[in-house]
Ligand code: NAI
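This document opens with one chain alone, in structure tokens, the form predicted alone.
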Amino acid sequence: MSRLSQLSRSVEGRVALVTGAASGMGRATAHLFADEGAHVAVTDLERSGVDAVVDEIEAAGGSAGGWTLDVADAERVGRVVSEIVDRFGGLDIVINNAGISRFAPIDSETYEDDWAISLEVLLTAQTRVIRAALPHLRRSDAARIVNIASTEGWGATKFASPYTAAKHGVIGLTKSLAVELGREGITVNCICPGPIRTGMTAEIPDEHKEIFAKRRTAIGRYGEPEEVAHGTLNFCLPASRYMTGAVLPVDGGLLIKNA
């Protein structure tokens, strides 16, 4: 019996670039896309972490290549994107996941440095990766860009203004580029993770995680990196061609819970 639906839910054979892919949500995203048949460009700061993820993917029968990448290095970003296209023959998907977490009171001595590096890595770098990838995305018949923001992009936490401002900026960037690139068939969407078990939250004691999650989220627990990755994958399906400019919280209901 033939299928009644017409649109594909497969990323098999697509080429996906994932920044910050050596750990946490980036690693889970790289694994998921490889499991679904995509060729995954694994990028991160440290060679050992990149190689480990590539080895994991290849051991499971997937297709991956690894590149060291500091997203704050504009020249390196351009070179890596070119090498990915040379290796895999094109580029269909960009996932801007690389991130850092800097918290500082507005009157701290380090504030200007914290502000500058937060905006550089969390926001400016996303534009840099997109600009380098855009000529190649324009040759794809299902070009997808997914920017990772945070629930901090919807609200605020004290002492986190560099991080919070950058994440608000990612949401604005996503919406603006969705309008700008929509007529070209390039979709641009945003994921806003809530409390997730990653390296950034590893230092929070488990009992504190449990208290916070039960008080603040509808589901009552921290999320896992793969749960975020599945939200990202949904935006990247060829069938998701009419979804653009969307901002999706993957937060266990944190943003909707009043008490």
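Throughout, we count residues from 1 along the sequence that is shown. Computed from a predicted structure; not experimentally measured.
From this point on, the text means the form predicted in complex with the named molecule, which you will not see here.
S.K.: Is it true that 10, 91 and 186 each have at least one non-hydrogen atom within 4.5 Å of the named molecule in the predicted bound form?
M.R.: Not a single listed residue reaches the named molecule in the predicted bound form, so no.
S.K.: Residue 199: heavy atom within 4.5 Å of the named molecule in the predicted bound form?
M.R.: Close contact exists here: in the predicted bound form, residue 199 approaches the named molecule to within 4.5 Å, heavy atoms only.
S.K.: Can residue 122 be called a contact residue for the named molecule in the predicted bound form at 4.5 Å between heavy atoms?
M.R.: Contact check for residue 122: yes, within 4.5 Å of the named molecule in the predicted bound form.
S.K.: Heavy atoms within 4.5 Å of the named molecule in the predicted bound form: does residue 118 have any?
M.R.: It does not: once the named molecule is placed as it appears in the predicted bound form, residue 118 has no heavy atom within 4.5 Å of it.
S.K.: Using 4.5 Å between non-hydrogen atoms, is residue 24 touching the named molecule in the predicted bound form?
M.R.: So residue 24 counts as contacting the named molecule.
S.K.: Only one of 178, 98, 160, 129 comes within 4.5 Å of the named molecule in the predicted bound form by heavy atoms, so just point that one out.
M.R.: After the contact test, the surviving option is 98.
S.K.: Though the named molecule is not shown, can you say which of 134, 104, 72, 85 has a heavy atom within 4.5 Å of it in the predicted bound form?
M.R.: None of the others qualify; the residue that does is 72.
S.K.: Any idea which of 34-42, 191-199, 213-221, 55-63 reaches within 4.5 Å of the named molecule in the predicted bound form, heavy atoms considered?
M.R.: Comparing against the named molecule in the predicted bound form, the contact stretch is 191-199.
S.K.: Going through 139-173, which residues have a heavy atom within 4.5 Å of the named molecule in the predicted bound form? Please give them in sequence order.
M.R.: 148, 149, 150, 163, 167, in sequence order.
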